[in-house]
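A single chain comes next, written as structure tokens; it is the form predicted on its own.
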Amino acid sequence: MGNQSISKPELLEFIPKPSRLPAVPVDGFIGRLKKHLFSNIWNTLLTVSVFTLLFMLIKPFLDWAIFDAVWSASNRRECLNASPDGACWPGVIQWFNGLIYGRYPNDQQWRINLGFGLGILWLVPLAFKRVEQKILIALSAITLFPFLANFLFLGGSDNQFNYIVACVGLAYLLILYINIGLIYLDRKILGEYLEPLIGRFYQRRAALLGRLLCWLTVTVLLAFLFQNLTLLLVEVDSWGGLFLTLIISGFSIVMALPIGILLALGRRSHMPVFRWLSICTIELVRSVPLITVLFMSVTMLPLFFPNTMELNKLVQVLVAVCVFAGAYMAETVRGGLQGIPPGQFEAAKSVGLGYWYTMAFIILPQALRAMIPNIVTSFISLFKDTTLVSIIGLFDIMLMARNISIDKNWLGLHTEPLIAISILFFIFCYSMSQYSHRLEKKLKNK
């Protein structure tokens, strides 16, 4: 055996593959079209077929809406005489102010513009990178801005509580923008200038007390500055148009998430009373359409209040829509909670966190981040469903559009107002969808 030679395995010869040809860059608009739409015969046939079908569908609409449309007329008869096959847009143009503001007085509509402008200004700092405590800014917008907006929109001389809270909110907004300017100038914020003075008397909470004292000072100054301001009382019955639609949908969207979170946590609770109460609320509301909930709120909600208390129809609608949206949001949140691994709960217990701390700082942030697409979808559906309030007599944008068709000058004008409303709703819904996509990407990169 010692004389037998051990055969060695032959080494495989490495034969390199030939180098691949360099990629040919496709530059320019023509190159991208050729790559994506006309890369082969089947792709070319499919592209031609799709564009032919789109042309056949879109061309009649463009002819009716733009090329054969009438843009200047005093009544619908003039539109029919000028172009019987085209759209009649002068009726929409003449009623456009009503579609936006409803029956709100024309000379008072600046209050609506100012209110929504302040609301936008309140949310703009959330996009600044150097601004801290963005959660606090969002919570202040949710808690203080409704009172400021209600003071502007409603008016009246006996609205002292809303006036005081409006001054508090306006002072917060003013201090917020002053502090943003100081931050970008690399200087101390307003409250920090008062901190050394307060620190002489109370060192422990000097920073917080300095900010509160600054806030209180600006609030008092604004209250004295606007003490003679008198806004004309505009009853809620005069609110309407897109303005009313935004109020109902905006308030409902803001309240839907906390209501949904409470119902979802209640449904998962180990306490039978809270669990069954949440289950009954969710299942009862989800088993009936929104229009039924609206009618029930208008007819049954006043029965739970004293006869001396008169509820306006807007309050009843807000309660109904918030409960309806909260019930659907509860199931969305519950799906996100079920997607959290059990190890997260066990890890929170191991470090001594209680139930509410665990939910607030560990579980809910993860669940809500995963459910952003579903949450935004629910918000978009809610925004569109608020048009049902026109059935119970609120002059939202849909009911104002119907009023165009019964105007003696524009009798029978149905299609054009609906097209205009569709464009407005598309702008809002598409903006919400794009914002959710950006928010998903931003959270995913963190």
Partner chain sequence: MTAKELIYDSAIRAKVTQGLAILIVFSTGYYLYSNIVNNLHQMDLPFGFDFFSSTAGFDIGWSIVPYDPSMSYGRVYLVGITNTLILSALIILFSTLLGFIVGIMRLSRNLLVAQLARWYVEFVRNVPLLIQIVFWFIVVFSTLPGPRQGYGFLNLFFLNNRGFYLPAPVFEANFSWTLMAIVFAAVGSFVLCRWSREYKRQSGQHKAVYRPALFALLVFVTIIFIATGKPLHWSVPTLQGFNFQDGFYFPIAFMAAFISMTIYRSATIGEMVRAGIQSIDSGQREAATAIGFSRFKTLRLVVIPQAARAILPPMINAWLTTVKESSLAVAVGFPELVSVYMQTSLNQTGRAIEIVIMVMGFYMITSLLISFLLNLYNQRIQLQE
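What we label the rigid core is the largest C-alpha set whose atoms superpose within 1.5 Å from one form to the other. Everything quoted here is computed from the prediction, not taken from an experiment. Residue numbers count along the first chain shown, from 1.
Missing here is the form predicted in complex with the partner chain; even so, the following discussion is about that form.
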query: Candidate site 339, 435 and 439: all three near the partner chain in the predicted complex by heavy atom within 4.5 Å; finding: no
query: Residue 36, heavy atom within 4.5 angstroms of the partner chain in the predicted complex; finding: yes
query: Interface membership of residue 304, the partner chain in the predicted complex, 4.5 Å heavy atom rule; finding: yes
query: Partner contact for residue 46 in the predicted complex: the partner chain, 4.5 angstroms, heavy atom; finding: yes
query: The partner chain contact at residue 268 in the predicted complex, heavy atom, 4.5 Å; finding: no
query: Contact assignment for the partner chain in the predicted complex, among 121, 82, 284, 138, heavy atom within 4.5 Å; finding: 284
query: Of 212, 291, 236, 142, the one that lies within 4.5 Å of the partner chain in the predicted complex (heavy atoms); finding: 291
query: Per-stretch contact check against the partner chain in the predicted complex, the hit in 106 to 114, 70 to 78, 276 to 284, 310 to 318 (non-hydrogen atom, 4.5 angstroms); finding: 276 to 284
query: Partner contacts in the predicted complex for 418 to 433 (non-hydrogen atom within 4.5 angstroms of the partner chain); finding: 418, 419, 421, 422, 425, 426, 429, 430, 433
query: Rigid-core frame, C-alpha of residue 415, shift of 2 angstroms or more between this form and the one not shown; finding: no
query: CA of residue 211, rigid core aligned, shift of 2 Å or more between this form and the one not shown; finding: no
query: Is_shifted residue 274 between this form and the one not shown (CA, 2 Å cut-off, rigid core); finding: yes
